[in-house]
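Taking the form predicted alone, here's one chain by itself in structure tokens.
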């Protein structure tokens, strides 16, 4: 029997599956947090989730509204000062993966969360980088998740807030003590990985019901596809059940019910 699910659920489940049990993950708020907590509640119960506010091995019952949400501190093994979080844990090489979201991403996986348009006369000002620039350079690798559209996936970001592979794909070349950078990008249409040589994002897997044309039409550059293109496995009933209950719990909590 076919299982019904939304494209957003497909994206979250696929992103969650990228996390392996036992990983130490520095989690961004929003879509990354949703995916990371789904992983913790399903196939990766021993994943260690860390948030920018200093909460270590946190196990929230509901999704946090921000890094300052009390739920993170209340459910954490311990909470440390932000300088310790970044200097000892992140820069000390103790983070397996950083899980980030973004407003814009380009073909070389650079992220923009600063502004849209010209720097001196922007159309829109965005929240800024927060800890993402440090996470992207110091974590062992980086996963990125966002909804797929031409507005979000652009040939060149308007501003490089967080380094992927630089404007030419060579931004990490020869730089010591730096992580691998983005190793996969998960959207509601597909999964992309950087080409081993050029570092340009390449589609390696299409979600069920998504065509190459769908991805091409929703991407702001001439996107490339892997020679052996895979089909992303559908969500399981359990994954969907856990995700939906997590989101329902979160809505009730934030509504004050």
Partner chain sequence: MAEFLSLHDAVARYVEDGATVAMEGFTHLIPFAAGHEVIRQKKRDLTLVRMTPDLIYDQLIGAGCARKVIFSWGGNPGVGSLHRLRDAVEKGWPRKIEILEHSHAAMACAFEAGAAGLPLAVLRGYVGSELPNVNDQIKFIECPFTGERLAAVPAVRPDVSIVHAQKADRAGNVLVEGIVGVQKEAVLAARQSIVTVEEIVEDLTVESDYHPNTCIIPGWAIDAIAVAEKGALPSYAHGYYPRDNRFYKEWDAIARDRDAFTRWLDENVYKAGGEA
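Residue numbers count along the first chain shown, from 1. Predicted model only: the values in this text are computed from it and were never measured.
The form predicted in complex with its partner chain is left out here; the points below concern that form.
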Heavy atoms within 4.5 Å of its partner chain in the predicted complex: does residue 149 have any?
no
Would residue 86 count as a contact of its partner chain in the predicted complex, using a 4.5 angstroms cut-off between non-hydrogen atoms?
yes
Residue-level contact is defined here as any heavy atom of the residue lying within 4.5 Å of its partner chain in the predicted complex; does residue 227 satisfy this criterion?
no
So in the predicted complex, does any heavy atom of residue 33 sit within 4.5 Å of its partner chain?
no
Taking a heavy atom within 4.5 Å as contact, would all three of 55, 73 and 131 count as contacting its partner chain in the predicted complex?
yes
Proximity to its partner chain in the predicted complex (heavy atom, within 4.5 Å), stretch among 140 to 148, 158 to 166, 180 to 188, 94 to 102:
158 to 166
Pick from 206, 218, 67, 41: which has a non-hydrogen atom within 4.5 Å of its partner chain in the predicted complex?
67
Since the partner is left out here, which residues of 104 to 119 would have a heavy atom within 4.5 Å of its partner chain in the predicted complex?
114, 119
